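In structure tokens, one chain follows: the form predicted on its own.
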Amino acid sequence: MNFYLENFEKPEVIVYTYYENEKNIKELFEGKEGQLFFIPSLEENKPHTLYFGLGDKEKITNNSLRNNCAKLLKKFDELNFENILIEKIDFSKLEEQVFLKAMLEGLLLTDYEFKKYKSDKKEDKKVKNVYINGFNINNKNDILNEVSNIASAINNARDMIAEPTNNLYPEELAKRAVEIANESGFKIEVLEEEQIKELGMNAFLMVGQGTNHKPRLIVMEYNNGGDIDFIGLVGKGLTCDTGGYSIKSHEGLKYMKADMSGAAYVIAIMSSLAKNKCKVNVKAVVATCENVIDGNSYKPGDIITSMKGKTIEVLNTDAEGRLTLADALHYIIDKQKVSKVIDMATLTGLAGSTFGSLFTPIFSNNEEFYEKFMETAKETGEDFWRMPLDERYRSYIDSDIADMKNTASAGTITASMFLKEFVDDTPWIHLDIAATASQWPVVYEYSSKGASGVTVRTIYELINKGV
């Protein structure tokens, strides 16, 4: 679909927005949240009418608006019309810019499908043009451009997450990252296996040593903020995770192509910041590999020495993400000299057992950093729930024969305690997106056709406003 912030004189359908109890058509339309009521025109030159409910005027939020607009766009998919005009915008308690941004996000993120492997690629009969009238702010087209760039980056990430493991492996993920970097305007360097060995990233290398697809360390940089400090991003990049010798269940294996969601979202954030020419400095690292079974695969009982020098007893080869992240976190702090760091990873299935697909567990070792993140999350409408980093949990990952072990009870918390060992005092946030990167059941209407894009908008806004 094409979206325009202007009037259109001859639409085939006019959409009128109403709040609850504001409009009543013979008790068929009450303006309830997400309610849609279509009235066909019987006159050839008169447009059809679609009533669109926004719910309680006093309770509307940017997130409810975003979700309602997702429902609206799905209705557009059903209607075989070329030109649709959305009219009569009442901004209620939301600022006009906030209203516009949320509306566009809902429409643009819903306008997504992954049909690459469909042999019967039926195209819509008509390309739909959606015109949105009623916004009088001077920078409305700048907002459209900004949101379009963010939505495009998220949808590119969704494409990567949807790819099967036989077509998206470490080398291919790195190749796509380079293409996105070149197109978006940020720097990128891809380190190959020998370079990774020279860095001493043995925890990362051990995870990926049982496959023909070689690991890659993807290092990205966007420098447009003058002399301000660099913030760091780290994304988990397991393009295939069978669990290794601690093999996953049949059900679990079906979804393991999405174990690189953190990497995809980090790339999306970098792309969004660069395309929108944000005045920020940010570096990002993705350690990407496969965790599969082979005669050369690492095994339960192995001892690994990480890049930081800490020794790790492997008790579970399916606790692999924290091993790759340990080296990536140390690398971005020690070698790239970032002042703060956020990592996002599909790390523990227990995160979903606790919160389902609604809240993303968040951990932090720094109160100020955490508070700024949560303030931003409230603005973007994404849901996070803080989990403890109580030092008493550190004993859970003590090993009798090494500095630490890679798994323990209280799994979501102890996985974070493991990562905390590799950031020292650097302000750090860890996001366990195992159950929210792709949602079952779907929480957000605009993510029903693929991965959710969770964290991208919040981290983009956090960095852009100067964390």
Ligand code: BES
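Since the structure is predicted, the reported quantities are computational estimates derived from the model, not experimental observations. Quick note: we count residues from 1 along the sequence shown, nothing fancier.
Keep in mind that the form predicted together with this ligand is not shown, yet the notes after this line are about it.
Colleague: By the heavy atom within 4.5 Å rule, which residue out of 343, 105, 327, 320 makes contact with this ligand in the predicted bound form?
Modeller: It is 320.
Colleague: Answer with one of 311, 316, 145, 339: the residue that has a non-hydrogen atom within 4.5 Å of this ligand in the predicted bound form.
Modeller: Residue within 4.5 Å of the partner: 316.
Colleague: Does the 4.5 Å heavy atom contact test between residue 256 and this ligand in the predicted bound form come out positive?
Modeller: The answer is yes: residue 256 has a heavy atom within 4.5 Å of this ligand.
Colleague: Taking the shortest heavy atom distance, is residue 62 within 4.5 Å of this ligand in the predicted bound form?
Modeller: No - in the predicted bound form, heavy atoms of residue 62 and this ligand never come within 4.5 Å of each other.
Colleague: Report whether the minimum heavy atom distance between residue 347 and this ligand in the predicted bound form is within 4.5 Å.
Modeller: Yes.
Colleague: Please check if residue 241 has a heavy atom lying within 4.5 Å of any heavy atom of this ligand in the predicted bound form.
Modeller: Yes - in the predicted bound form, heavy atoms of residue 241 and this ligand come within 4.5 Å of each other.
Colleague: Please pick out the stretch from 348-356, 109-117, 221-229, 156-164 that is in contact with this ligand in the predicted bound form, where contact means heavy atoms within 4.5 Å.
Modeller: Going by heavy atoms within 4.5 Å, the stretch is 348-356.
Colleague: Within 4.5 Å of this ligand in the predicted bound form, counting any non-hydrogen atom, which residues from 388-403 show up?
Modeller: Not one residue comes within 4.5 Å of the partner.
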